[in-house]
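Presented below, as structure tokens, is a lone chain in the form predicted on its own.
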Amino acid sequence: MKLKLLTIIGALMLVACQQNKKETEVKPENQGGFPFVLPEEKPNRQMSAAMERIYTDYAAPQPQNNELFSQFKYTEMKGFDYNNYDGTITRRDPSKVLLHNGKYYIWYTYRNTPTPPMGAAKSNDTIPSSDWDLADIWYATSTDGFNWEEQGVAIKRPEKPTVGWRSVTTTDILEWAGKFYLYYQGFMEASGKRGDDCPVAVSYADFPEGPWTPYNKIVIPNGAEGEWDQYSIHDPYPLVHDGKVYIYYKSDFGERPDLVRMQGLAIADNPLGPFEKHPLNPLITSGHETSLFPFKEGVAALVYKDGPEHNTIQYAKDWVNFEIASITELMPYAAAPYVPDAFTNTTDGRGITWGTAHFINATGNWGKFCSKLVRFDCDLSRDVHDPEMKEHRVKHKPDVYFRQGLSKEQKERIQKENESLTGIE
């Protein structure tokens, strides 16, 4: 009886609270216009979905106050020769920047072939199918991040049939317990013949200069037949979190022209594995490459180019479930930032201010296709406040827009539409 009475009282109190809320709730038509000065905190009023979103989905209602919003500035990296950009030498897909003993290190895909890429059908042992075919991994050092000295090969393609005999590409660096690990894609055939088929391989060294010892085993295998990552594990990107090695990666799945790029995660207690793929993969539904950095207790991701959420910076407090933190523009292609706390097991990530990236088809000449390394700067740091980096938009000169002109086919389509509407040929 007592329990029944308490239940009735509780129900009556709930009804009273709901009634009181209805009586005090201001109807939209009676609450007056929205404040002229945009409140920093969410105001106590009914709002549209868009207004609700800027307070619930973003760190700040205005981009300049959002720590995970930035524009990006680009600078030439000196010290690299591209053979007059004739397509025979390419440098692309750099690793994140490592600072060791007062010197910056980057590793990258390096191709030096007799011809530019000729496509899969024309490729052979010396003619590359793609910009990253028949490539090795080289490295360079710098003391200022602008002027670089190329040091030469770090990971050379192994002999057939070892993983990577056709090409080793798209590397990234891990520092763990006093040793260094380079993870990379290992191609066993010319790219383009069957879905960019490649798993992840690794080499390790006692020093950033090497010598590098190949593990000669696949550390992150392709998925099983029919799974999203059955053909490719691209862009392995290691970070240290919770005392483990977290490697984020990208896969291309589906068939052209409906190919989809998304990103997943594999975790291990040891740099050499075994790695276990996260059961919620894919974790990021967009982006052409993997590029992440610890931020506060979670991890932030630069999500550029492909997919419905391209040109965004995303954040996962739990390192798994990513949400859009900001929307930006002119993001770096294959961004490889300097991440000071990439390997410190931090729970207080400070963010990034610069890194390297690449420009693909640097001259716009598809018959002499090559890529070049470039430096980018930004303000995605909790320790820097750069108002210029927080400007809301990039101001382009007219020629930038005119270069995005109509194609021949589009002009013909428009002409036919006009003729059908006006009757004038």
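If you're wondering where the values come from, they're calculated on a predicted model, not measured in any experiment. In this text, residue numbers run from 1 along the sequence as written.
Unshown form predicted together with a further copy of the same chain; subsequent notes refer to it.
Partner proximity in the model of the complex, defined as non-hydrogen atoms within 4.5 angstroms of a further copy of the same chain, places exactly one of 212 to 220, 238 to 246, 172 to 180, 304 to 312 at the interface: 304 to 312. In the model of the complex, a further copy of the same chain sits beyond 4.5 Å of every heavy atom of Leu68. Proximity of Asn44 to a further copy of the same chain in the model of the complex falls outside the 4.5 Å heavy atom cutoff. A residue is said to contact a partner when one of its heavy atoms sits within 4.5 Å of a partner heavy atom; Lys73 meets this definition for a further copy of the same chain in the model of the complex. Ala190 falls outside the set of residues with a heavy atom inside 4.5 Å of a further copy of the same chain in the model of the complex. The contact residue chosen from Ile127, Ile89, Leu272, Leu283 relative to a further copy of the same chain in the model of the complex is Leu283, the criterion being a non-hydrogen atom within 4.5 angstroms.
Proximity to a further copy of the same chain in the model of the complex, defined as a heavy atom within 4.5 Å, singles out one entry of Ala205, Ala268, Ile324, Met118, which is Ile324. Each of His396, Phe402 and Gln410 is positioned with at least one heavy atom within 4.5 Å of a further copy of the same chain in the model of the complex. Along 315 to 338, a non-hydrogen atom within 4.5 Å of a further copy of the same chain in the model of the complex is carried by Val320, Asn321, Phe322, Glu323, Ile324, Ile327, Thr328, Glu329, Leu330, Met331, Tyr333, Tyr338, in order along the sequence.
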